[in-house]
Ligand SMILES: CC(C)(COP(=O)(O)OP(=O)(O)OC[C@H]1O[C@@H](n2cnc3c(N)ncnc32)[C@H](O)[C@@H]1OP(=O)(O)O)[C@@H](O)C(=O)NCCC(=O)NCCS
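First comes one chain, alone, set out as structure tokens in the form predicted on its own.
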């Protein structure tokens, strides 16, 4: 089940972000900042956060998404993480498919996703490609020397 994130989910979400081993502490701090904006300012429309629950109704994963600033009918998947124990069970795919349905419901035209070129992100990049996303841009040395920003897109109209 996918539902809007609630304040009671914050510790579980940040715990699973850390547990993946993919994010630096600075990146975790940004993820927390976006969660705090979402939870603390319900009137804002820049960020939405949803969680996917496991069979025991615990938080199995989460996703932060929102409209792409200054781009008409475009949306960004900003953050997504699935708890290591829940990986391989379709939770990530469920989140992305949910987002795509939401974008279609809003008559959106495209979803953008960015990730790192580091070898440890190979499976992540393959995951997006397998879901029909195409690499549309690559910014060399964006995150740090030797770590490119890889941008994927999937058009819905």
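Residue numbers count along the first chain shown, from 1. These numbers come from a predicted model, not from an experiment.
From this point on, the text means the form predicted together with this ligand, which you will not see here.
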Per contact check vs this ligand in the model of the complex (non-hydrogen atom within 4.5 angstroms), the hit among 91 to 99, 41 to 49, 28 to 36, 63 to 71 is 91 to 99
Check all three, 22, 86 and 123, heavy atom within 4.5 Å of this ligand in the model of the complex: yes
Touches this ligand in the model of the complex: residue 114 (any heavy atom, 4.5 Å): yes
Within 4.5 Å of this ligand in the model of the complex: residues from 60 to 85 (heavy atom criterion): 80, 81, 82
